[in-house]
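First, one chain by itself: the form predicted alone, in structure tokens.
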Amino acid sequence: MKLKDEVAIVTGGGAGIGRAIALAMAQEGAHVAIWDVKQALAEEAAEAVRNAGRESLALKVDVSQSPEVNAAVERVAKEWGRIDILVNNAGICEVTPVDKIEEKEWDRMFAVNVKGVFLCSQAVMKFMMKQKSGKIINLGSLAGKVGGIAAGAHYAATKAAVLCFTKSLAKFLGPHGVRVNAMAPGVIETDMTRMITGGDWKNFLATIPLGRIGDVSEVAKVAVFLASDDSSYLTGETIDINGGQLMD
């Protein structure tokens, strides 16, 4: 097992990519804390982790609220005594055209997608720095590199910020033995992408050299790679997972 007895936090872990990552890490031996704004989804994912033979916590957390983030981090540290992996997966997405975006929608997008990554990272880094080890994995997006495909400009802007913050954090935490990397998925089949596209993939398929939509399990495998010693000399990087839709 690549992550035997390590302790992982997966934000937005109740569904979609987050749930797939949580289960993949559990199957590799990690104990996983599932954070989600929807308690029921967190509980269901935590039960799936337990069914995989690992321990789990289901916590209702709004990552844009520092008191909730700090309390949840302390709960995880108290439960298992350490924090080895943080996956900053929680995020929201809208398709509002840029000329129609209201200020409150812009602010909420940045509060969850960017501030949330900052708050969660800052809360766990003190444990990782003390341990002289840890891995932080941020969920960016193809949209953050190309300005968006189907999602709104505000979503794309948040993901660009996450990719840059990944580099800043990697520079700061590297000397403390903590690695920070990002993943930039393209079109992955989840409830969120179906909401954006209505499940109509024709236009996307024409731009993807591999000719198909990605599966959440394919993102989860990369997350496990970044959390394991297989990527021990990798930090500050973004791995594209898009079937060749963008090659840079």
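Each residue number is its position in the shown sequence, starting from 1. Since the structure is predicted, the reported quantities are computational estimates derived from the model, not experimental observations.
The same protein also exists as the form predicted together with a small molecule; that form is not shown, yet it is the one meant from here on.
A.B. asks: Is Glu55 close enough to the small molecule in the predicted bound form to count, meaning some heavy atom within 4.5 Å?
C.D. replies: Glu55 lies outside the contact set for the small molecule.
A.B. asks: Quick check on Arg108: any heavy atom within 4.5 Å of the small molecule in the predicted bound form?
C.D. replies: The answer is yes: Arg108 has a heavy atom within 4.5 Å of the small molecule.
A.B. asks: Indicate whether the small molecule has at least one heavy atom within 4.5 Å of a heavy atom of Arg212 in the predicted bound form.
C.D. replies: Contact with the small molecule, no.
A.B. asks: Even though the small molecule is not shown here, does Val112 get within 4.5 Å of it in the predicted bound form, heavy atoms only?
C.D. replies: Answer yes; at least one heavy atom of Val112 falls within 4.5 Å of the small molecule in the predicted bound form.
A.B. asks: So which of Leu169, Leu139, Ile85, Val178 reaches within 4.5 angstroms of the small molecule in the predicted bound form, heavy atom to heavy atom?
C.D. replies: After the contact test, the surviving option is Leu139.
A.B. asks: Sort through Val61, Ala30, Ala223, Ala46 and report the residue having a heavy atom within 4.5 Å of the small molecule in the predicted bound form.
C.D. replies: Checking each option against the small molecule in the predicted bound form, the one that comes within 4.5 Å is Val61.
A.B. asks: Of the listed stretches (70-78, 121-129, 170-178, 86-94), which one has a non-hydrogen atom within 4.5 Å of the small molecule in the predicted bound form?
C.D. replies: After filtering at 4.5 Å, what remains is 86-94.
A.B. asks: If the criterion is a non-hydrogen atom within 4.5 angstroms, does every one of Ala156, Asp240 and Gln245 touch the small molecule in the predicted bound form?
C.D. replies: So, no: the whole triplet misses the small molecule.
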